[in-house]
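Heads up, what comes next is one protein chain in two forms, each shown on its own as structure tokens, labelled structure 1 and structure 2.
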Structure 1
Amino acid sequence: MRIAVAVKQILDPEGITVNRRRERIFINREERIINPADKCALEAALRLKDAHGAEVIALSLGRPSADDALREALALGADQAVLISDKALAGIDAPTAAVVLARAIERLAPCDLVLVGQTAADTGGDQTAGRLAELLGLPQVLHAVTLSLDGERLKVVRLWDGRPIMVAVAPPALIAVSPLAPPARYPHGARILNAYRQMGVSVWTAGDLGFTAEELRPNIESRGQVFPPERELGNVIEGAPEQMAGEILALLRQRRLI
């Protein structure tokens, strides 16, 4: 079995503070990590590899620093790594990113499985999986939490509006792994060294994949940011329980929490 896993490198959200009053975003610690859901996808691929043997290829579209994300994937157990990186890809939008990834995956053909993370923790993007499945002509299983091979078919427990259901699909297929799926293992020390010293990351440019700069130009623009109101703390009220319950429910409605 040949499995392609797409991993995105993101800025660690824990290192970012949003100041609502000043309407500014502060990056306190510029640490780049593998997007958590993508890391779960990698783990899912490695579990299939452990159980049945597989060739796992990690693929990333990003800046040159994404090399670290791919070395981490190699250290965790991926067999090959491909970095799609090019100045022409800077600022790429979601529709085009999916087209580029799809072409790279076609270049890795034949893949039995394409695994991706369901959502991106930074942009909140929740569309690459479905787009890739469509562009590659594959069936899709989204929000997957566990995968197992059952004969010729893959059995997947997935969440449907938060509730687990079991589905089956025959490869080739695309599976989007939920960030609620089992987290990744820790890499073996020796493998980390290996990932940097002995294993290689192939770098593909936009040109290698046959794209011109014109085709990659973003078509989506930002009109600015909106910050939720700053919290006002310390409002204390007193009264009969029913009245207090009423006040609590009024606040919950106002904040659209119920």
Structure 2
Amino acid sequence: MRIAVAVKQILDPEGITVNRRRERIFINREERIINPADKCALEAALRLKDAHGAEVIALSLGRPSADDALREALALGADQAVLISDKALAGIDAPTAAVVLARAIERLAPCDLVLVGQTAADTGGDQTAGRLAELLGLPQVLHAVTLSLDGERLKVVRLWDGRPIMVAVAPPALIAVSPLAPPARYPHGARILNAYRQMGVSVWTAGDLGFTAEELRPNIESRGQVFPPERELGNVIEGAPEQMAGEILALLRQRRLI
């Protein structure tokens, strides 16, 4: 079994503060980490590797510093790492990023499984799974928590309306792993050293994947950011149910909502 895992490097959200009044985002500590859901996806792939001897390939699209995220993936147990990095890819949007990732995965073919994180902790976006599945022509399972191989079928426990259910899918398939899935293991000290001393990260450019400048043109134009107003304190209403109902009605009438 060959498994490709998409890994995104993001700014640690704990080092970011949003000031709604000043309409600014402050980066208090510029520390980059692997997106938590992607790390859970990597752990799911490594568990399949432990049980069935799979080959795990970590794949990332980003700036050259994403090399650190991929070396962390190697230290955790990935067998190969590929970084797609090019100045021509700077500023691409989610649809274009999915196209780039899809072509890279096709270049890695054959892949029995493609694993991605369900959501991105920096943007809150969750478009990657659906877009990749469509581009690659693969069936998809979302919000996966655990994966296990049963013969020729993959059994996936996924969340449905907050409750776990089991589904089965035949590879090749794409699985989006929930950030609520089991967290990643701790890497062995020797693998951490080997990830920097002995293991390599392959770097692919847009040209290597056969992209033209026109194909990489963003579909979405960013015109700035709009911040919601600061939250206002609400009214605390206490007393007997009849009294509270009366006060609520009075407030609604005062604000002309009824």
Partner chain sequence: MDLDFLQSLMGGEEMAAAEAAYQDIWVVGEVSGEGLTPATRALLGKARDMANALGVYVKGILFGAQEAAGSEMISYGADTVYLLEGVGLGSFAVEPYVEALARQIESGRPEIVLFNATSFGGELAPRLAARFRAPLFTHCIDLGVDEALRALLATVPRLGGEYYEILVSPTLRPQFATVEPGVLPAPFADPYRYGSVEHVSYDDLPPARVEVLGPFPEGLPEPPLSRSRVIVCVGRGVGDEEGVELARRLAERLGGRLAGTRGALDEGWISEEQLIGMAGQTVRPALYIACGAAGAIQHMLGIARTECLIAINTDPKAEIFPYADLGVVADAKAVLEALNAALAGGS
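Each form is matched to the other, and the largest set of C-alpha atoms that superpose within 1.5 Å is called the rigid core. Numbers follow structure 1, counted from its first residue as 1. Nothing here was measured: the structure is a model prediction, and the numbers come from that model.
Legend: structure 2 corresponds to the form predicted alone, while structure 1 does not. Superposition of the core reveals a Cα shift of less than 2 Å for Gly207 between structures 1 and 2.
With the core held fixed, the Cα of Leu249 is displaced between structures 1 and 2 by 2 Å or more. The Cα position of Arg197 differs by less than 2 Å between structures 1 and 2 after fitting on the rigid core. After superposition on the rigid core, the Cα atom of Ser222 is displaced by 2.8 Å between structures 1 and 2.
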